[in-house]
Structure formats: structure tokens, C-alpha cells
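Here are two versions of the same chain, shown separately as C-alpha cells and labelled structure 1 and structure 2.
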Structure 1
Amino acid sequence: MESQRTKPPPPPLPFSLLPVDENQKATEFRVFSISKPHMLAFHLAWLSLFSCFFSTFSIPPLLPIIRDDLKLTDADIGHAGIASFVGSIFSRLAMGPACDLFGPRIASATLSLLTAPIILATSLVSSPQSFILIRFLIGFSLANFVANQFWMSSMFSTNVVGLANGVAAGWANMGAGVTQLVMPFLYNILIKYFNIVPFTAWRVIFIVPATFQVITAITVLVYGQDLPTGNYKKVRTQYTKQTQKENLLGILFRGLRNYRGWILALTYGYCFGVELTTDNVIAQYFYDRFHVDLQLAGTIAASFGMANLFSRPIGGVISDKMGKRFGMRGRLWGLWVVQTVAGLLCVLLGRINSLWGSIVVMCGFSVFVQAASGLTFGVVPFVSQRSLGVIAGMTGSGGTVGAVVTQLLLFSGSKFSKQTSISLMGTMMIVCTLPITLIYFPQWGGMLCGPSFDPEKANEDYHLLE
């Protein structure tokens, strides 16, 4: 406080580029601008998460070579796939409180810089056990998703937060699809033009995702900013009374006590989790059932993931528009409808017998399931402000838990045929979306009931008014 008396206050940040609300959060979302701090934060966030998805899913396209080099069996490959998701369950849960305490910029950059050596260590692997361990450790980097959504929720106002969250996550998710095309391409270049032996070539390529991740992490540290008004340390020391109350356990329990976080974790497990599972099984499904060649099956799998370019943002837009017209009740109804339709399309996908019919239904399914993910994160920012990170972390790791559970129950071993498994997955989606009807906000209402404003309850947990 002394410094403010002796020195003139710093000039206000140039917010004239984007209109802002009373919290200095942007009320408009302009994709093609990099105005500080909002749109710059957006571009840094989606690029750094894109690099994490790129790295985590960089191993599957090279598996045909890796499995022969490391003498892997089908069981090893299945375990490694599940391990990569299990790694992210714990890291996403931990990332929540980390964002609340340290800010998304430091949390995400630290994670990226610490997982980059692990990606490089992939080139040193020479046994199935170390392969599974590496995939488990690389999966940790997916926790940056929580930091990404937290950052967007801090920078953008309630009328565009769904869109900002949806575009940031959707474009970043494409990393999983792009890597399926880039890694084999680089591998072919090394084999053909540099005459490197296959068993060495695949090891060399991992320098690319690692370097990309390091570069994005450093740019986030240098150019990023946690909040519209400044970085966490600076902003938080201005509110000393609040920071004294804030400690890790307090934030954590506040978030864990909130039942809405648990419901959203379950429903996110059955939209994003289903999307992850489908990413893993769809290429083999088309290859085995319709006998398309491997190249085409891989292209279909990549296009399922690339639909994220527009489908997740569309989910965010729908959430914001429903929010504008009908408030929180609209957002919840939108989420329930879109996710249930996705479940129905999934059931249909398992039952269609023709190749082109399956491709058409798969495209519809991909759009709806990814839009449902976008709609989920149109609701998450409103659940709790002080424990936003914890709620985002619970929801995010719920997504990967859903992926692990679905894969273990339906897609490992041969109890059901693949098409039956896909239909069962759709049924599980529909059932697990029903709990959204139980979400209720006293001042905004829920799906089936209107708001009943309770001043005492509101002050305790919520600081946001739409």
C-alpha cells in the first residue's frame, strides 16, 4: 500500500480493444485477434493444450513399428492405452486446486515443461513395462485441459464463456487427430529421404512433439497473463484478507462438497469419455467389420477427432445462446438434449450394417458428442467461483474415468461383438445423462424446477450473477 501512495498508479490496460464487463472479463470473442490480454490468452491456451494432445496421442499412429521393436503383445498395447488415460485422471484432479492457488499460467506451463522430458524419454524405451510406464506418465500432460478451461473462464464473461471454452478445447482436441497424420508423415520422410532404419526412425521423431510442447509452455510463461487485471501473485496480494482464508484444503473441500461437480463429472465421463473411447476403437471397428484398408480406417478415425474444429465450439455457442434466452435452465436443457441425441446416434451406429450408413451416423454422432462436451463446460464456470479449478478438475478427470470404465467394460476381451459394445455404450450414455435433471441452482433453477432465491445459501457458495 505504501508504494501506491508514493508512486502514481500504473496506466490502465488498453481494454478498449475488446468490450469488458465489470470484472474486466471480455464480453466479446473475436477469434482472429490477438489483443492483450483476453484473445492472446485464448490463443496461448489452445495452442499449449493442442501440443499436449499432440504429444499424448503421438504414440498410437506409430504402434505398428513400436510393437515389433518392443515385442509388445495385444494385452500390452491395451494396458498402455488405458494407462495413458489413468495418468490423466489423477493429474486433472490435482490441476484443479493448483490453478486455484497458483494460477493457470504457471500451473499449465510447469506441467508442460516437466512432461516434455518424458516425451523425449520415449525414445529410450526398450521393454513393454517401460512402454506402459511412459504412456502413463505422458498422460499427465492432459491435465492442462483443466488449466485451459479455468483460464478461459477467468478471461471471458458469462455471455461468451461457453463459446470461449468450447473453441479452446475443441481446437486443442484436434491435436489428437493431427498427430495421426503428422507422425506417420515424418516417419516416412525419415525412412525414405534420410535412409534411417525403422527401429531408430520412430525414436527420433519424438523430439518434434517435445519441442513443440516446450515452445508453447515458454510462450505461455512469457506472454500469458492469469487474469484480465494481471497475474495471480500481483492480484491476490491486493486482497490479503481473502488470501488468508484461502488455503488448499479449504478450496478442495468446498469443491468436493458441491454435488453439482460430481454430477457433471459423471455426465462428462459419458460424453468426452465416450469420445476418447471411440477414438481408440473406431479405426479397428471399420477395419474389421467393413474390411476397409488400414489407411482408410485411419482417415475415418482422424476425421472423427477433427470434427472438434467446429462441433465443440458449436456446443459452446448453443450453451451461450440458451443461457441468454432461458438462463441456466436453458444451458442445462441444451446439455441434456444434445447428449441424449448423441447417445441415440451411438446406439444406432452399432446397429447399422452398411459402410456408408455407418460413416454418416458416425459423423452425426461425432458432432453431437463433441457439442455435448462443449455444453458441459458452458455450465461448469457457474458452479463455483472460488473453487472453479476444483470443479473443472473433477469434471475433467470424470471424463477420463468414463473413458477407462467404458473401455474396460465394453472393449477389452471379447464378451460382446464390437457393434453390440457400441450400442451398449450409447445406452450407458443416455442413462448417465439423466442425472443432469438433478442439478439445481437456487438462484437460477434447474431443469425441472424454477429458481427459489435463498439469500443465505447464495452468499455462501456463489459469487456470480448472470
Structure 2
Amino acid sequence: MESQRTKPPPPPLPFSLLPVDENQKATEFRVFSISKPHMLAFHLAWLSLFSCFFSTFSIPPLLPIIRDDLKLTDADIGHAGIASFVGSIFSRLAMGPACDLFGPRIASATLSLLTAPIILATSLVSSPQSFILIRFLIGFSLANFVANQFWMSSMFSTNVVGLANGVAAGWANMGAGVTQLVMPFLYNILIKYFNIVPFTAWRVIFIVPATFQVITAITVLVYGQDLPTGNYKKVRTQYTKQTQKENLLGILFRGLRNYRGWILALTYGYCFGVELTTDNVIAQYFYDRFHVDLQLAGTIAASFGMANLFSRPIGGVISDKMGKRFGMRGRLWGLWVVQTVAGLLCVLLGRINSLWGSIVVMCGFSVFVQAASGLTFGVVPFVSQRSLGVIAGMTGSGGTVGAVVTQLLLFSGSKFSKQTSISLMGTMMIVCTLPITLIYFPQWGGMLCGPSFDPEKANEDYHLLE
């Protein structure tokens, strides 16, 4: 079980309106509050990552126009999609140790400011090669996901951390859906009311995502706070003192040798990775297969991403509820069941031949696959306290590795049709969820067996070892 020794709760910080635990982490999650430091950090974290998703996926809804302008082949489009994920793999791995060393606020804002000019440079691309390069570089911004989850795990206690992680990431992921609506809308506005030619209009509107990302980054720097008791430079707790003494390689090695992180990376590769792949192909899939217009295809694709408003948070809630009722075993069983159902719905999506049937199944699929992502990060905070950033980075990178592999095998000049590729993607989800059964915590147990010794006595020693 996940319970700890019974202790009287400490008084809340003088500047906090939320009850806290002995580590000053909030034990309640009030989504409509902006109280400092916990809930303000939550809103800054999700909004900053939202802008990164908005930017990264601002290109796919305009692909039919960009394709004609740059004379892109299907192979070019597939390679660009892969490139956008490859960039995220390396940046997510680096973001974990960066958060451990410098704090999520500095790490997140710095990355957003560095990638914003690249987003603006999308308006200057003139060849398939430069298009692929731009998508590769923009993908780096998705590493802010690691900072997002690290920040929430630093601010919220174990009884609500799954919910906090789920809502923060879920609301942020909506950026991938909102941009499917906004970018075609802005494109049509420029053509209809400003008489700008199509091949110029799509270039002009990339000013919007670049500016949005800069604004959110500055807001995080000015108003954010790394930890409940202050920023990394000022706080002198035992945890931060220990972290500051360790070098980057030491922190990284401790996380990389934890096999649970690798299994969660694989699992996340075939829930969030599948979500990323779907964001990349779904608008074009409906545009080409069912012959809907560009704006309707974008609207349908947006409904997939917009489900993150509630689906990923639901995953976090399920994880916390299952953890409270059944301990770690409940969290792991919940993850396996939800992700397996998502895989089955993905298989079905590729077999449906009607427009409305495909939309209905896609919506159900989106709820389950996004909830599985929330359930995954309901487990991550328990894997290692000392290398939390590395574990979060490994898991987050697993998501993009899964997207790269899936895109490369099934959606980059594959001999399969897109509908067949979607069904095969669902099969891969089901298979890659099975290793969850191998995750075992000595003090909490696993899916198929209980703890090996007293969880209360082992809890503290375990985290020191990790």
C-alpha cells in the first residue's frame, strides 16, 4: 500500500491556501484556484506546455496547402513527422536532469524561448529539406512536458499527484487539438478578408504560435516558483543540497539503471506515442479517405486532441483512486486495462468504413488512450524520488520514441493503407502494454503479487536507495 506513517499534518505555508504534508506539498487539488505556490505553478505549467503543443502541431492541419506549395511527397511528409518526434527524444532525456539540477521553471522557460524563433522560421521554408529540418527543431519544445510533470510532482502530495499530473498534461495536450481549429481558421480569415494568396497566408500565421510561446515562457519566469518553499537557487532543503552536490552523470545513471523506468517508457511509447502519431495523421486521414474539406478535417482532428480536457485527468483520478483502494497494484492494473481497451478501439478505428462511425470510434479511442497517459504518470512519481526528473524524462522520451517507430513503420511510405496502419498501431499498443506485469516494488508489490516486506519500514530506505 502507499500509505505512510500517521503524523499530524504540518501547518500550511504562510503564503499557501492549501493544506500540505510534511514536505509542504499540497494534499488537495483545487483546479479553479490560483493560490501560491501550488496552484499558480499548476496553471503556469499547463499553459506553458499548451503553447508548445500548439506550436508543434500547428503544421499538420495546414499540410494539404503546404504540400502543394513545397511540392512535398508522402515520403517527405512522413519523414517530417518522424523528425518532429526525433528532436523531442533527445530534448526530453536532457530535460529530466536539467530539472533535477536547475529546477523546472528555468528549464521550461529557457527551452520555450530557444524554440520560439524556430517556429517563426517556418514561414521561410522553401524546400522539402528545410521543411523536415524545421519540424525536427520545433519538436525540441515538447521536452517541456518533462518539466511540467516534474513541477507537479514537486508541488503535490502522493494522494493527489496523479490527478495533478493528469490535469496539467491533459489540458496542455489540448494545444494539439486547439491548433487544428485555430490555424485553418486564421488561414481562411487571411484569404477571405485580407485577400492574401494561399501560399503566403499559411506562412504569415506562424507569427501566432511563436508569439504565444514567448509570452508563456516569460510568464513562467516572472511568476513561477520551483518548489513549495521557493526556487532552486534559494531553497536549502536536504533534497536540493543533495542534488546540487551531484553531477549530471550521477543523476542520470541512477535513473537509467531503474528497470521500472524503462518499462514505463515502453508503455508510454504506445499510449502517448500513439496519440502523437494520431495528431500527425488524423486530419489528413479524414481529408483523403472521406473527402471532407480542410476545415472540417481540422475540426474532426481537433475533437481528438480536445478530449484531453477531461480524458487524461480522468486517468490521473483513476490512478489515485485505485492507489488509495488497492495500493500500487491498483495503479498498475488500472493502467493495463485502460491501455488495452485503447488498443482494441484503435484496431476498430481502422476497420470502420463510414465517416460518422469513424468519428465515434475515434472519440472513444481518444478518451482511453489519453487516460492511459494519465495513468502512466500516476505511477512515475513513485519510481524514484532522487532521480525523479530522469525517470520522467525517460518515460516522456519513450512517448516520442514510440511515435517515431510507429510513424516510421506504418505511416512513412508504408505498403499498408492508412486504415490498415491504424489497426496495426492498435495491435502494437496491446502487445507493448503487457510488460506492465513485470513492474514490482518491494514495499508495494506489483500486479500479480504483494509486497515482500513491511511497506511502512521499507518506504524511506527504498527511496534512499533509488
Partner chain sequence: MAARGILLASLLLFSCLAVTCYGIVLFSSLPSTLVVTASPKQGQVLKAGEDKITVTWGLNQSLPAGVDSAYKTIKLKLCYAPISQVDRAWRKTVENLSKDKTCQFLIVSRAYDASNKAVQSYEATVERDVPTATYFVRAYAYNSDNVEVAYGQTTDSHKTTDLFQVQAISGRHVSLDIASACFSAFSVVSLIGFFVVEMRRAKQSQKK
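Numbers given to residues start at 1 and step along the sequence of structure 1. Heads up, when I say rigid core I mean the largest set of C-alphas that superpose within 1.5 Å between the two forms. Computed from a predicted model, the values in this text were never measured in an experiment.
- Between the two chain copies, the one drawn from the form predicted on its own is structure 2.
- Fitting the two forms on the rigid core leaves the C-alpha of F185 displaced by under 2 angstroms between the two structures.
- With the core held fixed, T278 shows a CA shift of 2 Å or greater between the two structures.
- In this overlay on the rigid core, W171 has a C-alpha that sits less than 2 Å away from its partner position between the two structures.
- In this core superposition, S423 moves its Cα by 3.0 Å between the two structures.
- Once the rigid core is matched between the two structures, the CA atom of I352 is found 4.3 Å away.
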